[in-house]
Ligand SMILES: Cc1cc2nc3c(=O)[nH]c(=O)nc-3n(C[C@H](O)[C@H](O)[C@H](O)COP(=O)(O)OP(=O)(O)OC[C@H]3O[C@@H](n4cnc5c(N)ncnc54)[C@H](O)[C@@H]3O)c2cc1C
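One chain comes next, on its own, written out as structure tokens in the form predicted on its own.
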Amino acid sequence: MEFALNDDQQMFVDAARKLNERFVQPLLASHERLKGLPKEAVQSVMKKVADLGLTSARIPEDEGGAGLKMLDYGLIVEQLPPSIMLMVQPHEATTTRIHFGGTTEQKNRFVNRLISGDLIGATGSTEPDHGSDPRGIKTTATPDKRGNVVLNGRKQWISNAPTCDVIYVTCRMPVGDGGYRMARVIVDRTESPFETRELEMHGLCQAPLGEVNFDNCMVPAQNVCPESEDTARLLTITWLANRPAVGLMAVGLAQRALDMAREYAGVRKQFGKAIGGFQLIQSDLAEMETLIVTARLACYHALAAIDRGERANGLSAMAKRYAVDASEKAIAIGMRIHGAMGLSRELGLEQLARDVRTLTMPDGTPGILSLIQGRELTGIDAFR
């Protein structure tokens, strides 16, 4: 077991840090903090991160992708702001789902342009009434006599919805006996227009998030993805790596809070000496570091298990749930160390606090993740 980064991993980390410093931070600073980035900014991000392999991380090299190990992917994710990764990760997951679950024509049409960042991708699963239970989805895709399918329904909390060119939609399709089957449809916005509405959020406000409305949206039948036993499994597989990756987004925020608190403790003076010399401040810093290191290692452990081909459903759920919770606690301690300054918008710790709390929801709420972990421990499904 090796805990040190190898040369390639260190190169990934250094490249991501440079990209963040030279491109990402100036980009975020040049746009309104409380609104989603406009499409041209999102597209510029996709083109930049494509060089790091983030738009095709799970597609093998011999099939045109980056073919990254998931642990290496996580190392890169930790170095970039969650407001950026919550655009990139859904885009990459959409690309992966079309690559592995689409027809040859669909792959030829969409995948390369998604990898390059010429198209922006989104996945539409969650609905106003249904999130964790995909079997309750109400959006329908009904075949018509002209060789199209007609989409009707709403999707909510969809990353990249306001700016996407392509959305991979999970829906219900009628079958002959009066019932429905689950279907996946690729909707190209240029040929099948649909309405979106941006949603204002508590944190991570620069990551475009929105609601999608399909009102008799005509989609060519060739955009319906083939169905097989692997279709639902493909969604699960992408979630497995997404969850610890979201955990590492939270860890990145908490690490920033620790760096700020440690620096502040060395310069802020009370009672004639730096506050870093007081036992309670040292205890707080130690607790922050412990929370961050354990969260980071839990996420690395889950991603390494995925790389080894192990069943990582429980590990993935545990890593995301614990990492976000631990990081939220660490940031709260960092704010406390700064006193009243920790509450100021000028410093930015309150932004970290809002951002990390927003990470509790993507790719599984804490309650659902606990039940997934419990199912893996007991072999009993609490969902049904």
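None of these values were measured; they are calculated from a predicted model. Start at 1 and count along the sequence shown; that's the residue number.
A second form of this protein, the form predicted together with the named molecule, is not displayed here; the remarks below concern that form.
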property	result
Interface segment, criterion being heavy atoms within 4.5 Å of the named molecule in the predicted bound form, picked from 218-226, 182-190, 131-139, 286-294	131-139
Gly124, Leu209 and Thr358 each touching the named molecule in the predicted bound form (heavy atom, 4.5 Å)	yes
Listed residue (Met173, Ala304, Ile237, Met201) with a non-hydrogen atom within 4.5 angstroms of the named molecule in the predicted bound form	Met201
Among the candidates Ile275, Val111, Val149, Leu86, the residue which, in the predicted bound form, approaches the named molecule to within 4.5 Å (heavy atoms)	Leu86
Residue contact check: Thr365 to the named molecule in the predicted bound form, 4.5 Å heavy atom	yes
Partner proximity in the predicted bound form: Trp157 to the named molecule, non-hydrogen atom cutoff 4.5 Å	yes
Exercise: Leu371 in contact with the named molecule in the predicted bound form, heavy atom 4.5 Å	yes
